[in-house]
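This document opens with one chain alone, in structure tokens, the form predicted alone.
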């Protein structure tokens, strides 16, 4: 983060709680506590555990987490399935966003996640990776159709599509992200700069939008 000029970032586990590590939420909370003001936590949770999933999410917010992360590829839970919608709605009650892995795989395409956005209009839905390599245009179209959808730029390889997204849905609904450590935060920063945005729009994409979303959590 220091090398990339990033003051504040979001972290989460790479597995879906409660799998593998029953103390996954505490692991992330402790990491954030080591760097106060620099790291914010999202809870990556498997929707199929019913009330246990909801309990984990509430526990996460009690620990100061700022959002929910859902990964339909690893959970095989449809974005618009009722078990998933329950979690999204629970997060929204806290004013917290839901970040989806959104790419080229089944269950994770923008149209699939768009169904969740339509079902939960009061929730902020972030399309992580902005549709991946082959569904970027679809991601922009979904964001045009649903005002509660935000596009996140990490691991999507086309700077010109960041500029197109800003033009079509407005700079206030496009976010910089790095997907680190899988991707280099510095390269992801340069990708946004290569989009050639106006200074005001670039400032929104790099920081102001994320701060508005993160600091809205109750």
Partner chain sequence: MDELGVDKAVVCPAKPRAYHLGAANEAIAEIVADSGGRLSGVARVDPLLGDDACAELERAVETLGLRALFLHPWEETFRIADRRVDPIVEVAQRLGVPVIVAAGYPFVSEALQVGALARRFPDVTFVATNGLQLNISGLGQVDSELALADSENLLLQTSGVYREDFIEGVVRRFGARRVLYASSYPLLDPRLEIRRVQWAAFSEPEVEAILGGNARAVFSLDGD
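Numbering follows the first chain given and starts at 1. What you see is a predicted model, and the numbers here were worked out from it, not measured in a lab.
Separately, the form predicted in complex with its partner chain exists; it is not shown, and the next lines address it.
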{"property": "Of 163, 183, 56, 39, the one that lies within 4.5 Å of its partner chain in the predicted bound form (heavy atoms)", "result": "183"}
{"property": "Option touching its partner chain, based on a heavy atom within 4.5 Å in the predicted bound form, out of 157, 170, 62, 50", "result": "157"}
{"property": "One stretch from 110 to 118, 82 to 90, 142 to 150, 128 to 136 that, in the predicted bound form, holds residues within 4.5 Å of its partner chain by heavy atom", "result": "128 to 136"}
{"property": "Residue 30: touches its partner chain in the predicted bound form, heavy atom cutoff 4.5 angstroms", "result": "no"}
{"property": "Contact flag, residue 191 vs its partner chain in the predicted bound form, heavy atom cut 4.5 Å", "result": "yes"}
{"property": "Residue 105 within 4.5 Å of its partner chain in the predicted bound form, heavy atoms", "result": "yes"}
{"property": "is_contact(residue 73, its partner chain) in the predicted bound form, heavy atom dist at most 4.5 Å", "result": "yes"}
{"property": "Candidate site 101, 179 and 187: all three near its partner chain in the predicted bound form by heavy atom within 4.5 Å", "result": "yes"}
